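One chain is shown next in structure tokens, namely the form predicted on its own.
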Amino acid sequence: MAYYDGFLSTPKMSLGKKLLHMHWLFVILLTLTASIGFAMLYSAAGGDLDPWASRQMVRFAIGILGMLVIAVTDIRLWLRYAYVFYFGVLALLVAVEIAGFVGMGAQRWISLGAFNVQPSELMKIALVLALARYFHGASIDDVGRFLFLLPPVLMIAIPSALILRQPDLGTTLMLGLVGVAMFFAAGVRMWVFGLGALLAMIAAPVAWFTLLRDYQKQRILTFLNPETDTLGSGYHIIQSKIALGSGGMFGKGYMLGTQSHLNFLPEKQTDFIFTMLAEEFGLVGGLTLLFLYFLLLMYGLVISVSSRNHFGRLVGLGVTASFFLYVFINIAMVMGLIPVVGVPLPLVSYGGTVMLTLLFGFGLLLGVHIHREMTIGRRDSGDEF
């Protein structure tokens, strides 16, 4: 049996063969979903490509090209440099703490010359790669040992603490939930999740009084009873519910939504874009978008479980879990089912770093599909890293 730099060698695939094995239906579904976003951003601007739709189209085009490059890259390179990428993004989070600039009331961005980057979004992918790298080499006995789980817990906790300080409660929650999903996919014992839930309940009162900002507490209180402050903290969610209900079955028509176009609906191009879609296209339009998301999620799961190597399975499941959390949290938020935490609707909401990060993740997922027959050495089978 031949080895290559510690990894089990497999027949090298040509670029043409990799493109042939690309999951093109998945790429088409991504494009259809993003196109809905372009249309809604055009509507949000009152029938103008500027300032949102045109920029989003450019970012998507760049992101798709990058996604295809990532997809055809040998998956073993992502395994080899997973920790390098993770610590690089962690360094950017520290840099945000030191020299980041404030936007929309939060210090989340850092300037890298010609463009600005939101490292907290990149950390969602970096964490998936790092945890997949860590658990890839683990045996069944390893994941049952408490001390073995301390390093991945720190991998989640350290960036989460930095992101919470920005402050960005939504991304912090997503990072923690993605970590939980990775632990579950890696086969961590259920008692660990039970212990984690118990510790979370104990820590919740402490977090309320010491970690959460006043406006974050107010968001939670408003979620419980938005009618207590209809013109203040409860205004956003009340207007969102009005817009959702007024859309009816088929909506008011494209660019004819009153709540959004009369500016009653806040952040219609980002957090509340699903509300605008539901107002203009009704229940049918909302369910159509949800069906596209469902197909993407199902393909993500199928791609993940079809991988012969553990690293690919973990990366695929991590990316799919992250995508699901984007969809679930945003839609539940605008419907008033959970507090407003500022999570965008994937591929539809306006945002550069979010769009490119999502396509980065999908590139990894497509790479898992292309290299699904590749077998990679693991420590428990005698291979060395």
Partner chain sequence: MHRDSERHKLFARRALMLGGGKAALLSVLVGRMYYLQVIESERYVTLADENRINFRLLPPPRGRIVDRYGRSMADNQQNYRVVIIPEQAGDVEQTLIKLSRIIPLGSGEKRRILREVKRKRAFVPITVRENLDWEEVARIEVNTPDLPGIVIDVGQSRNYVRGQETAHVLGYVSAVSEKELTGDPLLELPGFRIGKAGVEKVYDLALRGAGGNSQVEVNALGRVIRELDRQEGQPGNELRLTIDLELQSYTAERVGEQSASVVVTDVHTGEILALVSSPGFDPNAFNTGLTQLEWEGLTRNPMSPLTNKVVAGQYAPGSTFKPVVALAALEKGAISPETKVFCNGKTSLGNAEFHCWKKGGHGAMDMQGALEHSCDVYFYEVARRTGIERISDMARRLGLGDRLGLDLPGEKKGLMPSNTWKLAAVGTSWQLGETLIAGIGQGYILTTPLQLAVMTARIANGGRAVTPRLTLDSVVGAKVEPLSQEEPAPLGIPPEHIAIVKHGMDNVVNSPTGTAFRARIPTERWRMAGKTGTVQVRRISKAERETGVLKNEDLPWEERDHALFVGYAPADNPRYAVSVVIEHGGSGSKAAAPVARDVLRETLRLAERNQGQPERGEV
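Positions refer to the first chain, counted from 1. Quantities reported herein were computed from a predicted structural model and do not represent experimental measurements.
Not on display, but discussed next: the form predicted together with its partner chain.
Trainee: Looking at 262, 98, 201, 147 here, can you tell me which has any non-hydrogen atom within 4.5 angstroms of its partner chain in the predicted complex?
Mentor: So the residue touching its partner chain in the predicted complex, by this definition, is 262.
Trainee: Check each of 221, 255, 212, 305 and return the one that places a heavy atom within 4.5 angstroms of its partner chain in the predicted complex.
Mentor: After the contact test, the surviving option is 305.
Trainee: Using heavy atoms only and a 4.5 Å cut-off, decide whether all three of 241, 294 and 314 touch its partner chain in the predicted complex.
Mentor: Yes: each residue has a heavy atom within 4.5 Å of the partner.
Trainee: Would you classify residue 41 as touching its partner chain in the predicted complex, given a 4.5 Å non-hydrogen atom cut-off?
Mentor: The answer is no: residue 41 has no heavy atom within 4.5 Å of its partner chain.
Trainee: Hey, in the predicted complex, is residue 57 touching its partner chain, heavy atoms inside 4.5 Å?
Mentor: No, residue 57 sits far enough from its partner chain in the predicted complex that none of its heavy atoms falls within 4.5 Å.
Trainee: Any of the heavy atoms of residue 159 lying within 4.5 Å of its partner chain in the predicted complex?
Mentor: Although its partner chain is absent here, residue 159 would stay clear of it in the predicted complex, with no heavy atoms inside 4.5 Å.
Trainee: Can you work out whether residue 119 and its partner chain are in contact in the predicted complex, taking contact to mean some heavy atom pair no more than 4.5 Å apart?
Mentor: Residue-level check for residue 119: no, no contact with its partner chain.
Trainee: Counting only non-hydrogen atoms, choose the one of 181 to 189, 84 to 92, 165 to 173, 202 to 210 that falls within 4.5 Å of its partner chain in the predicted complex.
Mentor: Among the candidates, contact is made by 181 to 189.
Trainee: If we check its partner chain in the predicted complex, which of the residues in 255 to 289 reach within 4.5 angstroms of it by a non-hydrogen atom?
Mentor: Sequence-ordered list: 258, 259, 262, 263, 264, 274, 278, 282, 283, 286, 287.
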